[in-house]
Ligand SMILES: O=C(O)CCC(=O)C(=O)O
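Coming up is one lone chain in structure tokens, specifically the form predicted on its own.
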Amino acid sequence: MPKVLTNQQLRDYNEYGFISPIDVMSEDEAATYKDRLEEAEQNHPEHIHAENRNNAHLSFMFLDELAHHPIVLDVVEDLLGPHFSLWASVLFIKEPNTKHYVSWHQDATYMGMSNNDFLSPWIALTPSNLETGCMSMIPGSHKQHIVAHEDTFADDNILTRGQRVNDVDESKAEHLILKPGQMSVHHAEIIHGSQPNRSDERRIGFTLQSYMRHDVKQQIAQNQWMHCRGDKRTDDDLLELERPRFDLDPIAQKGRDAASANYADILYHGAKQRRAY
């Protein structure tokens, strides 16, 4: 029996490639996490800024809490089973009235995994809607598996390569409207993107990218993981990432530095250029 999701939600995930919305916490709790994020940005700008938003769960306790939130992990267990680890995390922040967007793409395209049957929760810390630039999904597109992408390196595209899938039928898009404290979950192969934030407030989303079963292995670079639930991985080449014991824990921070460099090496593997994020 599922821990959090209904049987209909499980069917929706398999059929459409995503589930949304899922309640994780109250709006007041989400506001507290937003405040802690903005406090970290102010007090430790060298550790969390526009070009350093990957794997911040290895630096700050409040993001580690979200990565291990029991509802988040229960949802993942409902979809993946009892044994899984976390590969990385990304803060997707769109400042007010800016042009930054995310082109149509599939997460798994450049992640270098041995198979693409994995998922990413996206937790809203501020309203995520059409005005603020919410995510939009092409339902069922995960069934196509990986399709051709073009690397654009477009200035306002906040993806690493500015990668995009061309000829997407946008009339089929479903917009994922989330209140603060809600999350969506999407399959690694679903085509999705988001538009600019045209509002007067920040749009802040925290993505756990991604939780994976132990049969998924990194094939391009170091095989780094953080254990989350169930049995631990037993890969011969496993490099296990430690949870922070306190903010800017030097042991976890060393792991973050290594994980983020590894992450960039993987995502930019074979690219004609490399950006700062």
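Each residue number is its position in the shown sequence, starting from 1. These figures come from a predicted structure and were not determined experimentally.
Quick note: we don't show the form predicted together with the named molecule, though the next part is all about it.
Proximity to the named molecule in the model of the complex holds for all of Met135, His186 and Gln209, with the criterion being a heavy atom within 4.5 Å. Picking from 104-112, 79-87, 147-155, 170-178 the stretch near the named molecule in the model of the complex, with a 4.5 Å limit on heavy atoms, gives 104-112.
Residue Ser194 is the only one of Asn197, Gln182, Ser194, Thr126 with a heavy atom lying within 4.5 Å of the named molecule in the model of the complex.
Phe118 falls outside the set of residues with a heavy atom inside 4.5 Å of the named molecule in the model of the complex.
Put simply, His142 is far from the named molecule in the model of the complex: not one heavy atom of it is within 4.5 Å.
Residues of 79-102 placing a heavy atom within 4.5 Å of the named molecule in the model of the complex, in sequence order: Phe92, Lys94, Val102.
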